[in-house]
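This document starts with one chain, in the form predicted alone, laid out as structure tokens.
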């Protein structure tokens, strides 16, 4: 039994070591594919990181240009770095990118005539949901306090009379009469 475990466990451990080594190599190669711009000024570095995280790669699916290894994302990162070195503001850099690639490059689209539904839609849906809940609660409250019709009133009177005759009339019924 012990020799069987040894014969299975040792090759399994060797395979895991080889797999870990290959995944480490692959991760290093992926990191090396994305060039990183370094700025001497930490404020510029932070702005660069923020801008490259906020701009979408036009080629990749849901990937920021800071995370993408596509050539166009590399060009966009280089443009961002150049514009930051030229002293441009973040909005000027975003405008530059939008002029070249369209509104698609912005992860957070601007509020304008075309995007008002995108920004206002969730708030409008929440307000509509609250209105519907309020109307339902109001309708249920009104249904609980409605007056008894003639048949219900007659049945209630008969029940109260029966309790009164039996001598165990409810306290509030005695007070009313």
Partner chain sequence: MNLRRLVLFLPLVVVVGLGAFLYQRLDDDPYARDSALLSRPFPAFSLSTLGDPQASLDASLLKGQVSLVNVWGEWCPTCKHEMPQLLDLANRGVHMVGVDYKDKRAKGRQFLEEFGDPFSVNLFDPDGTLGFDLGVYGAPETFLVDAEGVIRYHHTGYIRPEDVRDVILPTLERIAKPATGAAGEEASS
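Numbering follows the first chain given and starts at 1. This is a predicted model, so every value here is computed, not measured.
Although it is not shown, the form predicted together with the partner chain is what the next lines describe.
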query: Partner contact for residue 81 in the predicted complex: the partner chain, 4.5 angstroms, heavy atom; finding: no
query: Contact label in the predicted complex: residue 61 to the partner chain, heavy atom within 4.5 Å; finding: yes
query: Partner contact for residue 86 in the predicted complex: the partner chain, 4.5 angstroms, heavy atom; finding: no
query: is_contact(residue 98, the partner chain) in the predicted complex, heavy atom dist at most 4.5 Å; finding: yes
query: Residues in 66-88 with any heavy atom within 4.5 Å of the partner chain in the predicted complex; finding: 71, 72, 75, 76, 79
